[in-house]
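Next up: just one chain, as structure tokens, the form predicted on its own.
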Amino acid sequence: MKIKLQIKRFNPEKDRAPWWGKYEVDVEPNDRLLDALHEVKWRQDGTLAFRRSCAHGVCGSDAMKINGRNRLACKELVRNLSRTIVVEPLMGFRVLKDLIVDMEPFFKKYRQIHPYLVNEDPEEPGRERLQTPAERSRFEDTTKCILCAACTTACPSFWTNPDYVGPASIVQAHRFIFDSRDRAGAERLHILNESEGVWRCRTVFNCAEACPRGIDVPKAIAEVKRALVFKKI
């Protein structure tokens, strides 16, 4: 099948404004959008720039706006899209080139919530810090986050206030706040209780629709808010 790609292009080193690159590509119905982008870059225009790595929906590096929605290019089959596919970079981030955006502000907020296990209690020699299945299931959903930024850049609160910590960071904080082995939950809650923290969420639910991993992001955010209100973790 033949499809048309309309790709938003911008190279700040030479372009004054973004422009649309238009390409026709022959693909198989079961090809992914990432395959179509490769066809453009490898056979039609080698200057096209985009990120990709694992190509299996795990690394999150090829998140982009596809027909108006945040998606992973490696997970979208062309047969499920229109014959004309519009591809744009993620909203809210500075464009470095074409579909590549500056992710550093996103990861800076991620680092602020201390996204790692904190426990200075002495371990019993030769033993792990064990959990029950119920304790593990408490944060199972939020371990699926791949930091693609699809949820954060789909959030209207982030569009209007780039200082908002964003749903991805809250999801990552949730993963450790409710981990029975962790001892820094109160510190993370204090960070999320700041003016640009979890209370900036307006429960629009864009994040849930955008997440390629199917994480119930609004539920995780609500549980963090509840922990702040009732001081229970």
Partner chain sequence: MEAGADWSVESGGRPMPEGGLELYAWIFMRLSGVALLFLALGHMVLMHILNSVEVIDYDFVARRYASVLWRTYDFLMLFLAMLHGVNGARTILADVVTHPGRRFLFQSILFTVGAVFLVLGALVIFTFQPV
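Residue numbers count along the first chain shown, from 1. Keep in mind that what you see is a predicted model, and the values were worked out from it rather than measured.
The discussion below concerns the form predicted together with the partner chain, not included here.
Stretch-level contact analysis of 54-62, 183-191, 166-174, 32-40 against the partner chain in the model of the complex, using heavy atoms and a 4.5 Å limit, identifies 183-191. No member of the trio Asn67, Met91 and Phe106 reaches the partner chain in the model of the complex with any non-hydrogen atom inside 4.5 Å.
Note on the partner interface in the model of the complex: the residue among Thr84, Asn161, Thr143, Gln131 having a heavy atom within 4.5 angstroms of the partner chain is Asn161. For the chain shown alone, Ile3 is not a contact residue for the partner chain in the model of the complex, no non-hydrogen atom being within 4.5 angstroms. Contact between Arg9 and the partner chain in the model of the complex is not found at the 4.5 Å heavy atom cutoff. Remark: Gln112 does not count among the residues lining the partner chain in the model of the complex, judged by a heavy atom distance of 4.5 Å or less. Not displayed here, the partner chain is kept clear of Leu77 by more than 4.5 Å at the level of heavy atoms in the model of the complex. Applying a 4.5 Å heavy atom cutoff to the partner chain in the model of the complex picks out Arg200, Arg202, Lys225, Ala227 from 200-227, in order along the sequence.
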